[in-house]
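Just one chain follows, in the form predicted alone, and it is written as structure tokens.
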Amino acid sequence: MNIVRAHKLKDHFVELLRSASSQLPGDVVDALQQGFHQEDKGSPAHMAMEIILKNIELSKANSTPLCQDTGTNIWHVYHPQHICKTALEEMIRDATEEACRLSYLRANAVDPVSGLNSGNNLGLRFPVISFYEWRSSAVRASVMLKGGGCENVSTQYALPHESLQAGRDLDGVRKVVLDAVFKAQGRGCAPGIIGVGIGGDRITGMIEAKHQLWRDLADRNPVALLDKLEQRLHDECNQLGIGPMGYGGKTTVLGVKAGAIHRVPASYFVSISYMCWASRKASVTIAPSGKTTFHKRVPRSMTCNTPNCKG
């Protein structure tokens, strides 16, 4: 029997959206609490972090959105070969409309030509859905809600960058990432999480940068040079003094995650995807038997680029 129809995936996807919208993953909450305790008591940074943590508590208790901007819904769906992607997409779109009706999501889909809002969070290529075939017999879907404020300060650089004296190497990457975080100030709703895509073209580089945002904050990059870069950038970004919501302080970023993909010789792009403190994501796995498992920390297979990943 078709797992898509047999196990009412639409209902599971609505629940997934509710969870993602109202509850942060544990790694993000842990990092925010750590930041709260680092800030000087009574400082604007300390008070901002206290408000953020209270907001997290209330949103979880009441199943209300953590932020009024529930953003662009970005879906990664892993499925076995025999599953119809069209049916999965229909379920996701139906679930998106239902979640909007229930106020788990805000109506965010705006036609850029007419300026009209669709009113149901559906539009052309909205939500954004990527499908990956894998060898498991289960379906696993993950959703990330990417707010507009942090998306507005996401950016892309081409190396070499003369004014920053950034060459075509990892030190050049480091310089432009620091420049991007400094220019964002509090506008991206700091403390943020920084996804970095090194290489590719202007499209694939930004996709890679966004892909890094699926990673757990506690993980370490398996590429030694990138791991060293991530740790250094995390420390240096937090020395910029921007702090929570731009009020100053020690917690400007919660983490920096970087990935590299091949480029052509003529181009060296560094793509930077800024995620606000409300790093909303969740995933669900549905076995052929109908057993359903919801995850707040995204499983490893969701953070790998390998086709036919076993999970």
Partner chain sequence: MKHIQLPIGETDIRILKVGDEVAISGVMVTARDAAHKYIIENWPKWVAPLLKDRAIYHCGPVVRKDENGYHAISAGPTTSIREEHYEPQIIAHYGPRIIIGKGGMGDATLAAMQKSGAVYVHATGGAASFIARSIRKIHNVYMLDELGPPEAFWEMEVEDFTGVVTMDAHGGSLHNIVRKASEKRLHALLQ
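Residue numbers count along the first chain shown, from 1. Predicted model, so just to flag it, every value in this text is computed and none were measured.
If you look for the form predicted in complex with its partner chain, you will not find it shown, but the lines that follow are about it.
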Q: Choose from 48 to 56, 262 to 270, 23 to 31, 281 to 289 the stretch whose residues reach within 4.5 Å of its partner chain in the predicted bound form, heavy atoms counted.
A: 48 to 56
Q.
How about Leu164 - does it come within 4.5 Å of its partner chain in the predicted bound form, if we only consider non-hydrogen atoms?
A. yes
Q. Taking heavy atoms only, is Ser136 within 4.5 angstroms of its partner chain in the predicted bound form?
A. no
Q.
Please determine whether Val256 contacts its partner chain in the predicted bound form, using a 4.5 Å cut-off between heavy atoms.
A. no
Q) Can any non-hydrogen atom of Ser43 be found within 4.5 angstroms of its partner chain in the predicted bound form? A) yes
**Q.** Interface residue in the predicted bound form among Cys189, Met144, Met91, Ile129, criterion: non-hydrogen atom within 4.5 angstroms of its partner chain
**A.** Cys189
Q | One residue of His234, Arg168, Lys85, Arg106 in contact with its partner chain, assessed in the predicted bound form (non-hydrogen atom, 4.5 angstroms) | A | Arg106
Q: Give a yes or no on whether each residue among Leu66, Gly149 and Gly241 has a heavy atom within 4.5 Å of its partner chain in the predicted bound form.
A: yes
Q: Scan 167 to 189 and write down, in order along the chain, each residue with a heavy atom lying within 4.5 Å of its partner chain in the predicted bound form.
A: Arg174, Lys175, Leu178, Asp179, Phe182, Gln185, Arg187, Cys189
